[in-house]
Every structure is written in C-alpha cells, then in structure tokens.
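We begin with a single chain expressed as structure tokens, specifically the form predicted on its own.
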C-alpha cells in the first residue's frame, strides 16, 4: 500500500464546493508538486491533510494508519488533533516565526514542549538543522534581523525538528523577492533524496519540473490532471492545464 493514500476528499465552505473527489497516493521519499491557478483548492487540500481544516468526507491513510475517515469521523479533542498534525510538518507562505525568539529558539521550541529529549539533545538538533539550511551563523539572530529567505529557511528547519512523516510547503517562495527565492528552493531541493517525503504547493514551474517526482494540476477544486513532470509539461492532455502552462511559462 502507498505511504500516503488520499481517497475522495471533499470540502465545502457553506454552499461553495472547494474540493471535490480528491484522490491520489504517494510513496515514501517522493516529492509531489501541486500546481494550479489561485482559487483552485491547492492550499485547502494541504490544510485538510495537515488537519488545519476538516474535510467533509473522504479518507486519509498514512503508513497504513487511518488518520481521517469521513464515515466514522467525530469531533476530536485538541490533543488528538495535535497528534495527527505531527505527521505533517507545515511551512507557510508567511514564515510564522515567533518574533520574540531567536532562530535557534524558534526551531527548538516545539521539541522542548514535547519533552521527549534532553535540553542538550534538543539544542544539538536545532543547531544541526540550522546548519543544514545554511544558517549556522544566524542562530542567535531574531526574525527582524533576518531576510525573508533566511526566515523561511528557519521555518523549514522548525518543521523538520519534529521529524514529520511528510513535509508540506504552501507556496514557500510567494512572499519573497525574486533574488531570495533561489536560496529557499535550493534548500528544499537539497532535502530530496533523503528520508523526506514532500508535498509542495508552488507557482515555480521550473522548480516543479526539475524537483518533483509527480505533479498534480488542480482546477476548480478537482484534480484535472496528474502525472510525471515529463507528462505534465511535455504532453499535457487537459485544455485547462495547457492554458495554465502557456500563461505560467510566459513569465519564466
């Protein structure tokens, strides 16, 4: 069975259907890119996987564990929801760092609250992760002292600190100036090939083409097309994705 199996996920906000019959699977270690126009449902899908939103129906199965089943779902406690959310590390568009904490403190805060390791182990983990994202010289800097690209790299290190099964990125470069985008994409690309399984909502088409193992194109709340980068970019079937790519690739 696939590492992640998403079956028939639906999500409505009132009478507005945002996600309709979303189904896909991915293997451990894969990189999945989700592309599509604004309003296509990409971020809502990511938030449903991360339990920031509750689907109306469907099923989410991770490593043979059913995390969500719309047929048997009942309101769960905040603690249960936090446990489910730990399976997915989330990197947001706007960094969401705590301004009163240094880069190292931002990375080590969640592991410290879990109290599963000693303070020395957590400190060592935080330093190793910041080194991994190229910020070994910025550990004692506060977010206001860091560039947007550096803040996003701290956010990536923070997400990695809890050892999530799947690392999720919600348009991680959309809030960055073009010259800072490359440094963040380089870090994400560097995570590929290890143990990291990643889902990346992105508007960076060249990045998706070069890094993703599979690509999902969403339109109007549905998966319009899915395939390898060669299939999606080299031989798209849907007229919607052809129009989207023609417009997107003009700006590259």
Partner chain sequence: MLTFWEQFPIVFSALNEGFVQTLKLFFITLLGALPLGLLISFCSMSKFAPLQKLTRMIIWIVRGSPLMLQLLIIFFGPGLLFGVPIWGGGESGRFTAAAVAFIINYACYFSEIYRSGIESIPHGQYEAGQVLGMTKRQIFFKVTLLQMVKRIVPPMSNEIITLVKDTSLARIIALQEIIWAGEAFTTTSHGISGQVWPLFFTGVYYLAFNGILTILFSKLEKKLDYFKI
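Positions refer to the first chain, counted from 1. Small disclaimer: the values here were computed from a predicted structure and weren't measured.
This protein has a second form, the form predicted together with the partner chain, left out of what is shown; the following refers to that one.
To verify the annotation, which of these, 96, 147, 117, 174, has a non-hydrogen atom within 4.5 Å of the partner chain in the predicted bound form? Residue within 4.5 Å of the partner: 96.
Answer option from 109, 180, 125, 139, heavy atom within 4.5 Å of the partner chain in the predicted bound form: It is 109 that has a heavy atom within 4.5 Å of the partner.
Item to check | Stretch from 43 to 51, 213 to 221, 188 to 196, 61 to 69 whose residues place a heavy atom within 4.5 Å of the partner chain in the predicted bound form | outcome: Stretch 43 to 51 is the one.
Does the partner chain come within 4.5 Å of any heavy atom of residue 162 in the predicted bound form? Answer yes; at least one heavy atom of residue 162 falls within 4.5 Å of the partner chain in the predicted bound form.
Check residue 158 for me: does it contact the partner chain in the predicted bound form (non-hydrogen atoms, 4.5 angstroms)? Residue 158: contacts the partner chain in the predicted bound form.
Wondering, does residue 77 line up within 4.5 Å of the partner chain in the predicted bound form on heavy atoms? No, residue 77 sits far enough from the partner chain in the predicted bound form that none of its heavy atoms falls within 4.5 Å.
Is residue 73 close to the partner chain in the predicted bound form, meaning a heavy atom pair under 4.5 Å apart or at it?
Residue 73: no, not in contact with the partner chain in the predicted bound form.
Practice prompt. Just give me the residues of 65 to 92, first to last, that have a heavy atom within 4.5 Å of the partner chain in the predicted bound form.
Written response: The stretch touches the partner through 78, 82, 85, 86, 88, 90, 92.
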